[in-house]
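Before any questions on how it binds or moves, here is one chain, the form predicted alone, in structure tokens.
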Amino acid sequence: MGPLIPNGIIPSDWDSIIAILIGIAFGFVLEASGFSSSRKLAGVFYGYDFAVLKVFFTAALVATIGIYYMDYLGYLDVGQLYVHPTFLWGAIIGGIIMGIGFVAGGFCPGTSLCAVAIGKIDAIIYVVGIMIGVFIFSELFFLFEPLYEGAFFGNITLMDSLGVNPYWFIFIFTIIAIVSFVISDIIRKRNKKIFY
């Protein structure tokens, strides 16, 4: 029964190796999907290309359904899965900074590294900016620490914070995804004349 490493089915020594293999596969899929193009990524903000929204929404939905279905069948124990701790203010401010960077540069951190791998100059500049930001943050962490660690909510999920049954949450999430896909198609068709 999963998860595999916490239950000793796979030795913990394989943790980093598996992470690297998953990272390489993820980068390959990003490049194959065209996500190394800043124009394609920024298209979601300008209303002419919603591939990013559709791919990541679908990935989140498939992963969520898969995890809870495996839990239902007894192959996975959801209670043993690691949930990253929630620091509300850090998450909100970090999300705003990343959102502004995404719109301004046309990349998120993952897709920027994917674009660097194929030699895109704008992505290289973007990654250099990320590294400068990380360096400044690490050097001035003592100033940011109260904000970074503020509003600690523990290891909670969205389902926990909303107090919703996981299966109802998945159902609602699926409906939101379908509605988002329909609305995004309407917006894309309306903006097609402007951008093409």
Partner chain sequence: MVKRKVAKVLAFRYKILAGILIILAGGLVLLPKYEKHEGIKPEQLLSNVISPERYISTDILADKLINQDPSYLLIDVRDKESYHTYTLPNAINIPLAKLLDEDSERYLNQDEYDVVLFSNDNFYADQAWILCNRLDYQNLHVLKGGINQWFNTVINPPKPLENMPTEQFELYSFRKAASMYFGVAYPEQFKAVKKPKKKIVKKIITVKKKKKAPAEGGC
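This one's a predicted model, so the numbers in the text were calculated from it and none came from an experiment. Residue numbers count along the first chain shown, from 1.
One more form of this protein exists, namely the form predicted in complex with the partner chain; it is left out here, but the text below deals with it.
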### Task
Spot the stretch among 41 to 49, 160 to 168, 141 to 149, 124 to 132 with residues whose non-hydrogen atoms come within 4.5 Å of the partner chain in the predicted bound form.
160 to 168
### Query
Would 61, 68 and 71 all count as contacting the partner chain in the predicted bound form, using a 4.5 Å heavy atom cut-off?
yes
### Contact residue in the predicted bound form, chosen from 187, 178, 9, 21 - any heavy atom within 4.5 Å of the partner chain
178
### Query
Taking heavy atoms and a 4.5 Å limit, what residues of 121 to 157 are near the partner chain in the predicted bound form?
none
